[in-house]
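Two forms, one protein chain; structure tokens for each follow separately as structure 1 and structure 2.
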Structure 1
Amino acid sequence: MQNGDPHIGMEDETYTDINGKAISLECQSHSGFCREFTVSSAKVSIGRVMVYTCAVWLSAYTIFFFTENTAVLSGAIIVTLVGMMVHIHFVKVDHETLLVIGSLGVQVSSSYASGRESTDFIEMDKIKDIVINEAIHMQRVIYYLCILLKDPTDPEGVSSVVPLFQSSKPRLNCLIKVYKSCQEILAKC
């Protein structure tokens, strides 16, 4: 056990998500019972923002050229601004963090590009297990990590499944690493 060493998992191994984009996994071990996994995907690239903005403005200008209605141009500006804000506030996730604290619970949080964070905590006595599962996702079959929640009425049963790292969608090698670490902690409590 590498207690006390805060950065056990700065990996040499490179991870990608299911679309082949590079992501990074950071494992922090706060103590033997507490580990934090952060999956970070690439930041919003200026290039892509420019491309989308230009596309909207060019099409708006084309329409303006034929209709000569200036409302189109102001509309385009509003669309790009609102679109970008919605994107960084609700869609684009920069980091997803999974904090496992033995005997206490699991905290799942994702921080959006705008800085907004959404956090969820699941108590340990509600958690049955953390497993890697397979699912059909958009014409593909992928692996994902999920938390199985206990069914309060039936101790053997599972009431629902909480998928983890939903927006970064790491590939199997990354999931296995997180899974093994989590299981080490779950086995101890």
Structure 2
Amino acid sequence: MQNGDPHIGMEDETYTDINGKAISLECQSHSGFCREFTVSSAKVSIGRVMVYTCAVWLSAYTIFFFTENTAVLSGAIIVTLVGMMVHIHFVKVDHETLLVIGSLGVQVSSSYASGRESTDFIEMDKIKDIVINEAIHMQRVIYYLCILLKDPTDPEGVSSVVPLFQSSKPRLNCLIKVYKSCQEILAKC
């Protein structure tokens, strides 16, 4: 940080997720021991919302046309509204943030389309390593960044794995950039 500007060392690059959709990675270096990575995905598409809403309401109107039951139309409106609220509040993540603070720990945050935020903090003494792992899903190899937690009973063992960027699912080239930067900080601890 020079001149007190927190955005010194900030980079913003465009990458794609595992499905080929554009995502962005913002890297901020707050100090030599503190870096923040934010992966942002596309906002909620009004066009997609309109298509789903029209499909549900058209189906409801078709059923109403044959049954003449107004409860079908009311039900379709309620299902659409509740579905949108659940999707915006629990499913659609706008951005995910990884904050690595050298001697303290790692904070993982998710910000949802509704404004709701979910934050977890993992103390540095519980972290064994940060690695890029791979998984096979539907005949594809998917890479993901994860934190390996130390096993309290076995110092050489791993008790659990905490996957990072679960919603944005960045491709390997993005993960490598975050991984290398995290390893620089872990090496200094």
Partner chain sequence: MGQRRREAAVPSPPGNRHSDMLTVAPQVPAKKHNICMVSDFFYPNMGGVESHIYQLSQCLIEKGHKVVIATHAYGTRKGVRYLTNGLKVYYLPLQVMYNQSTSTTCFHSLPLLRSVFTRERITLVHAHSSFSAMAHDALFHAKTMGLNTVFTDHSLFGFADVSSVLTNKLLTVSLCDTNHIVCVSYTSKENTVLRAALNPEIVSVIPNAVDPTDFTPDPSQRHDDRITIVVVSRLVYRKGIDLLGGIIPDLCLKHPDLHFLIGGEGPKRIVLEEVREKYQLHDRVRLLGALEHKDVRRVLVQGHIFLNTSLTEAFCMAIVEGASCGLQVVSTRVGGIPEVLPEDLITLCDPTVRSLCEGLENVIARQRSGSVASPASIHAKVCTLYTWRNVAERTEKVYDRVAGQEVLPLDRRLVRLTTHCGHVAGSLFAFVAVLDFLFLLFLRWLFPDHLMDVAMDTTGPQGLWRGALDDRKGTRSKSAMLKNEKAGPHQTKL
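Residue 1 is the first residue of structure 1, and the numbers go on in sequence order from there. Just so it is clear, the structure is predicted and the values come from calculations on it, not from any experiment. Here the rigid core means the biggest group of C-alpha atoms that line up within 1.5 Å when the two forms are laid on top of each other.
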>> Can you tell me whether structure 1 or structure 2 is the form predicted together with its partner chain?
In response: 1
> Comparing between structure 1 and structure 2 on the rigid core, is the C-alpha shift at residue 30 2 Å or larger?
Replying inline: no
>> Given a core-based superposition, decide whether the C-alpha of residue 137 shifts by 2 Å or more between structure 1 and structure 2.
In response: yes
